[in-house]
Structures are given as C-alpha cells and as structure tokens.
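In structure tokens, the next block holds one chain alone, the form predicted on its own.
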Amino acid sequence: MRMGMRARFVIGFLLATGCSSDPDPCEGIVGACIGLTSGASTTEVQTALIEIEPGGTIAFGKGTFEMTGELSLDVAGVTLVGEGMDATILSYKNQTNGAQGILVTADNFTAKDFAIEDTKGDALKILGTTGVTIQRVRVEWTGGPKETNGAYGLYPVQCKKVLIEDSVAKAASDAGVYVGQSDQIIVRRNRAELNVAGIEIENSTNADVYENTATTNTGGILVFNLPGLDVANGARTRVHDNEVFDNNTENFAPAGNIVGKVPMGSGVVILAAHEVEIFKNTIKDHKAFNVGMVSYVPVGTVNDPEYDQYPTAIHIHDNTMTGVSDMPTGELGALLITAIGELYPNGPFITPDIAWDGVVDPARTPGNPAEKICIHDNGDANFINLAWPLSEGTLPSESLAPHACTLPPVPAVTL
C-alpha cells in the first residue's frame, strides 16, 4: 500500500513537470515518500504536504523550485529533504500569497538539506510543535540586508525539543536563527551572517547554543526576555564555544522592532535574561561591545505583572575578547557614550569589552548570591557599569570587584 502511494506520487509529479528522466528523489528512502522535481508548482508541492502519510518523507530533487505562495504542513512526523542546501532551492522571489515560506504546525518535524530563499515574511516557521529537527538548511534573502526582508529565518516558536544544526541564515531583518517561547533547545554548528540578530534565544528555557559562527550581523548572539508574551521569564541558557566576530552591520530592522535597539557592533547581548552562562567563546572586533547586559528599564515601559525585567544569575567566564572600538550606535549605544564621557571627559573614547547598564531591582535584596552577575577569567577583557540613569554624585564604574564571584554551571541540554 505504501509503496503504491509512493510510486503514484513520484510518477505523477515527474510526468506533470515533464521531467520523467530525472532521478527519483525518493531513491533509498524507506517508507512512504513523495518525490518532487524542480518543475513542481506551488500547488503540487502543497498537495504533497497534504497527502503525505504521517511519518512519511517529501523528497525534493536538485534544482530551483519556484514557489509563489506559502506552504503549510500539519501532518505529524514528516521529513522534508533535499539534495543539499546549495543544490535544492525553494525560491520565493515571486511570492504573491502568504506570510511565510513554510508554516509547520505538526509534531516531530524534520527539515534537512535544502534552501529557502527570498520569502516575503518568515522563511521556516514552526509553531507549537514537540520535536523539531533542522539540519543543513539554508535560509537567505539574496539581495543582502534590507528592511523589506522577512523577519525570521529558522523560526521555531512555542516548541519543545528543538535541534538546529549545521545550517545557514543570511539577511533576516530580525533574527536569522530564532527560537522563542520554547523549551529544551540545542543550536549548534550554524552560521549566521548579515542578519540584524544572528542567533536569538527569546523567552525560552533550557537552551544550549554552541560551536556556531555569528559574523557580520548587527548583533551576534542575543539572549532576550521580553514582556507581554505567552511564555515569560526564560532561563538556563548556555552560550559557549562560539566564534562571534565583526558583527558591525548597520541595524536595518523595520521601525518599532525591539531588535532595532541593538547597537551596531554588538557581540553577545543579554536583555532581562536569567541563569545565562557565557563561556569559552571567542568574541572580537565589535564597534560597540563584545558582551552587553541590559535590563528592560532603559528600553521601555512594562505593563506585564509577570515579567522580571532585570538580568539575574549571569556568569561570564573563560572567554577570549579582543578588538572593541569606539562607534556604538542607537539608544543603547548612547548609554555607553554618556557613561564613558563621564569617566573620561577628555578621552580616550574606547568602549569596554563587557558593559552592564547597572540597573538593579529595588525590591530585591542587594547582592543575593544566586542572582549576581559574575565575571572572571576573560583574559584582559575590561568592564563598565553604566550606572544608569546617571544622576548627581553617581559615576559609572570600571571595577570588576563586585562581580568577582562564580555561579553553579547551567546544565547542558540533552534531547
């Protein structure tokens, strides 16, 4: 029965596209499989996504698939597979319908070995799913950084058990690799270039971000908690063994996006996050700072009673940081400029490697060891507490003494 279905779809699609001599994309795949060649239309691809059996595979052959509308999948256990991220391309350059490239709302979804290019909105959005595996997938806006590009590249949200590895994301107007409001996450060995945010973990719990390369973005790696979302106060993120360098692309986020506040030249940015461990990374050559920590207080007003807007239990250790410069931009960059100007009114103006806005929760017990910001063993990396908002008699501080502490390791994530 399954082999009959497989044969029917393969033959039907090959004949429909006039490519019956093309290799069978299902060759070697066990179980139910629908094979598609590059002449397949949007309607034919969507039909396959509807008619595939649970647990089956949709195999795309080599070439470019010209998609004119959003695709959706709500069948559980399906794998989408191509011939390689540079060999199988779903191009949305002429997209006229839909907000995403592909929207997935089914559990145990796998995508591997293909590319999604030039979607009007998000490239691959996966919503409310348990079991997400993304391997060797490239998402890209081929015209380079533009405000009109889609917001998110690889975009699991409200998911559990997420693995994103060996993939590439380029030129998203928000985040190239983004995991939001999710739990149990591994993001590893990916490359993020020319996005506003290269890799972002937002309002998520139990995340491991390692062995990635983030370069030429506005900000390299972001760990954010934002108010007003269904899942609040994410915690327990490890950021380690990453290469984060030269993230100095001008911020091109559309007006009003929170990521539009990230200064050009930001390496790793922590916003109101909790239990974050940053270690064994190489972070270098940024025009604003290598690592920045900020509460939501300088960012905006909070009307969410469940939201904790102060970063707590941040542990930064054993990183290599070099090459900060003197060109922070935007609202948060202005905080740096003001604070450093107070310390050195006659120059020189060089931003420290590690910057903290210095905002603390007046309702908390000062110096609670479990909530401290601990910074140590980062070579010659220097530091500034911006002491925001500056007031009469208050100066920023470069002393690391209040942060000479350690915290328990954040647990590794195992899927």
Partner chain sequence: MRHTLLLILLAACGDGGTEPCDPLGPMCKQLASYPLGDAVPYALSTPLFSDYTVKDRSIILPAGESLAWRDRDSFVAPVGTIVVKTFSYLADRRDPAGARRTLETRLLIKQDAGWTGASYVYPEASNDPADAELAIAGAQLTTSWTHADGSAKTNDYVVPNKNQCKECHAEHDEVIDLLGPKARHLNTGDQLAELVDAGVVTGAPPRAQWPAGFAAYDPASGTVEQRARAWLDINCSFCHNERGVARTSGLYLTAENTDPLTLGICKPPVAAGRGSGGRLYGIVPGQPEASIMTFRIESTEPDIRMPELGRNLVDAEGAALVRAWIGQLPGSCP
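Because the structure is a prediction, the values reported are computed rather than measured. Numbering follows the first chain given and starts at 1.
A second form of this protein, the form predicted together with the partner chain, is not displayed here; the remarks below concern that form.
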Which of these stretches, 84-92, 141-149, 306-314, 162-170, has heavy atoms within 4.5 Å of the partner chain in the predicted bound form?
141-149
Here the chain is shown alone; which of Leu73, Val132, Ala207, Ala115 has a heavy atom within 4.5 Å of the partner chain in the predicted bound form?
Leu73
Within 4.5 Å of the partner chain in the predicted bound form, heavy atoms considered, which of Asn257, Thr216, Asn108, Gln184?
Asn257
Please run the contact check for Asn368 against the partner chain in the predicted bound form: heavy atoms, 4.5 angstroms, yes or no?
no
Glu51 near the partner chain in the predicted bound form, any heavy atom under 4.5 Å?
yes
Touches the partner chain in the predicted bound form: Asp318 (any heavy atom, 4.5 Å):
no
Is His240 a contact residue for the partner chain in the predicted bound form, using a 4.5 Å heavy atom cut-off?
no
With the partner chain taken in the predicted bound form, which residues across 102-128 come within 4.5 angstroms through any non-hydrogen atom?
Leu103, Thr105, Lys120, Gly121, Leu127, Gly128
